[in-house]
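Single chain ahead, by itself, as structure tokens, in the form predicted on its own.
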């Protein structure tokens, strides 16, 4: 039997879907969320916990395709491509290469900067209204370098961030050791970003926002969406349980699976899956003062209330291949070398699917086939960071208000050429 009288159905109960539910419920909308895993039980449960409002540089860079052979040769490196997946990945890599042009990079940095300027007040405001503002940690981050050449290679990126108004300080010697005691002497410098924030635990943040949304009337439907069809009057969603939902509007915020649902509506979105790995060590495994970023090795170490999380890296391998937890193990071994006092026993391994577009910008806007379907996915590493501003933009569109920032850079239409 169909379920009718649903005002807005959000597909996906990750952090973007939950933030969107909370924002819409605040405005009095009748909101339901459907997800087969549960509230923030997927990728949003195991990310690095960063509110990376200063992270405006895209993953694309000049000469990226020249690195592909090396990625294929090093299955445990910070960036890798599963060889069996390469043929399916080639169209995405071509778009990734195009996004690395100077012109495209400049546009992407401007678009990310515009979103990040709104992301911080939106996220902190939503968490405060939800009563979970205490979960934000304002300790900053420390990015570390082993050689002068590595530091020098990072300087153009820091110059771009300075131009965007982002504060930072390069540290050496005693300043570096005071910022994070116990580091290996192999690190000759680091960059401290005071405005970088983390959360006590990303899963707890998502669950806290959901509790707020529930108090405002949002409903959780535990099921898997199989297909979507739309008319001018309504959108019909077929569920794995055999039930059908009819909704006035739907928001697709299903992370790495979103492009499959968009395809039902005729929208071909080049969304790929960055498979991220981590190990969460017990509380007290290291006296960690703030998030440490080992950019040369592609991973971070984050202090959480639930432990020390060592994770990151990028494996382009889609949704179906089995995990390779040797990637978690190699990051943990490196962390032992970089932080000699780290107690590395008793950790929990995890893998998640980051939904990534070639230009590193999310997909936010209406489906090409109907204004009753909106997209809110493709945030890559920045789902937690950009969840609340995405929710605000979706709310603006649903309520026929002028969005708080221009949304053309995030439109699904940008992939048509």
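Residue numbers count along the first chain shown, from 1. Note that the structure is a prediction, hence the values are computed from the model and not measured.
The same protein also exists as the form predicted in complex with a small molecule; that form is not shown, yet it is the one meant from here on.
The partner is absent here, but in the model of the complex a heavy atom of 49, alone among 49, 58, 358, 362, sits within 4.5 Å of the small molecule. Interface residue among 261, 304, 218, 247 relative to the small molecule in the model of the complex, by the heavy atom within 4.5 Å criterion: 261. Among residues of the shown chain, residue 276 is one whose heavy atoms approach the small molecule to within 4.5 Å in the model of the complex. At the 4.5 Å threshold, heavy atoms of residue 392 stay clear of the small molecule in the model of the complex, well away from it. The small molecule is not drawn, but in the model of the complex it has a heavy atom within 4.5 Å of residue 255.
At the 4.5 Å threshold, heavy atoms of residue 367 stay clear of the small molecule in the model of the complex, well away from it.
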